[in-house]
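The chain below stands alone and is given in structure tokens; this is the form predicted alone.
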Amino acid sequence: MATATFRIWRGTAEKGEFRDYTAEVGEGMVVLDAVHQIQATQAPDLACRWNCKAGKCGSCSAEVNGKPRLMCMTRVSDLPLDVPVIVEPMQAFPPVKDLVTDVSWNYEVKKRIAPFSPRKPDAPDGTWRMAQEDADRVQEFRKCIECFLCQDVCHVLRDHHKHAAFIGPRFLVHVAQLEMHPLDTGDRVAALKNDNGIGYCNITKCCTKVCPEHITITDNAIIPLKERVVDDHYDPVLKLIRLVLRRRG
């Protein structure tokens, strides 16, 4: 066993500071283990949200050495221990206490997105028919555990605080899951352009890099949605066709 220093943010929305704690670290240990050890031995009032400790609930999202991570999936052995390990709350959401942030904004955003609207069954037995490749296309997006690390790393939310105008990468993935579903009949393209702020995303792929489920957020979800917006609203050929049709009508 070795001893490591963990510099943890303590405080509320009103005020706070980093405090140093030491923890005994060993093989296989993750940052969440160290936080629990510090809670048990030195800071019983340290607030930390967690649930499964298996990288599937998304609860223990935080920032470790400046990078959005799941604490339960961040091995201590992968971090430099000759300097303090800095653990702080996500920066894109309001702080509640210590490592806990208020992520309720995300759930309000999800309510605004038009829900799944399937077409009528197309088989005599009341079921649907679809190509396997069409079904496979959206399966990747269903892996999201809503840890909101992609929201936290997004500069539009983190640095520019455009929460009122931009839904963020997590919900662009959700819209992609709906828009690309072979049974869905909804049309969310106008909302992407006018209400959801897809134009703010400049596809830096930072969201893809932090996703613990390895969803290819930028290439497979955001860029195809941007292409749909361009096709519907900016394509010069389509604009000409619409103009001609209006004049003929």
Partner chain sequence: MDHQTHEHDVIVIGAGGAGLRAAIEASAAGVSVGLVCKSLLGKAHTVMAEGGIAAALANVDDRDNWKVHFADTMRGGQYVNNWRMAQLHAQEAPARVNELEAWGAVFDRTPDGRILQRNFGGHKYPRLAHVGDRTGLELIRTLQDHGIHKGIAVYMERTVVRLLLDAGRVTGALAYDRERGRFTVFKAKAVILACGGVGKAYKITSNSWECTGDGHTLAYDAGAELIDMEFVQFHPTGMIWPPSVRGILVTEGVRGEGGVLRNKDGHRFMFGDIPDSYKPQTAADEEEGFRYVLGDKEARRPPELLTRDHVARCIVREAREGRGSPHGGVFLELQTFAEWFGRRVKGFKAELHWKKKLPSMHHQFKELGGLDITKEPMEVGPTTHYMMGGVRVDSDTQMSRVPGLFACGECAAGINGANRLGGNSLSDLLVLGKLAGEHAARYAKDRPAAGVPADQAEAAARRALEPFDRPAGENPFQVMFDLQDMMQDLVGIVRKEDEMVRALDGLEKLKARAAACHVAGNREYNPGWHTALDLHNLLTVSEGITRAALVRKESRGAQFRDDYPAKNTKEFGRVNTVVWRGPDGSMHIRLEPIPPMPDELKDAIRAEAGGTLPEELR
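Numbering follows the first chain given and starts at 1. None of these values were measured; they are calculated from a predicted model.
From this point on, the text means the form predicted together with its partner chain, which you will not see here.
Contacting member of A47, C206, I223, A191, with respect to its partner chain in the predicted complex [4.5 Å, heavy atom]: For this set of options, the contacting one is A47.
Its partner chain: the contacting residue among V30, I198, V64, V210 in the predicted complex [heavy atom, 4.5 Å]: Comparing distances to its partner chain in the predicted complex, the residue within 4.5 Å is V30.
Residue contact check: A135 to its partner chain in the predicted complex, 4.5 Å heavy atom: Result yes; A135 sits at the interface with its partner chain in the predicted complex.
T218, heavy atom within 4.5 angstroms of its partner chain in the predicted complex: The answer is no: T218 has no heavy atom within 4.5 Å of its partner chain.
Partner proximity in the predicted complex: A131 to its partner chain, non-hydrogen atom cutoff 4.5 Å: Answer yes; at least one heavy atom of A131 falls within 4.5 Å of its partner chain in the predicted complex.
I145 within 4.5 Å of its partner chain in the predicted complex, heavy atoms: Judged by the heavy-atom cut-off of 4.5 Å, I145 is in contact with its partner chain in the predicted complex.
Residues in 107-134 with any heavy atom within 4.5 Å of its partner chain in the predicted complex: Those in contact are Y107, K110, K111, I113, P115, F116, P118, T127, W128, R129, M130, A131, Q132.
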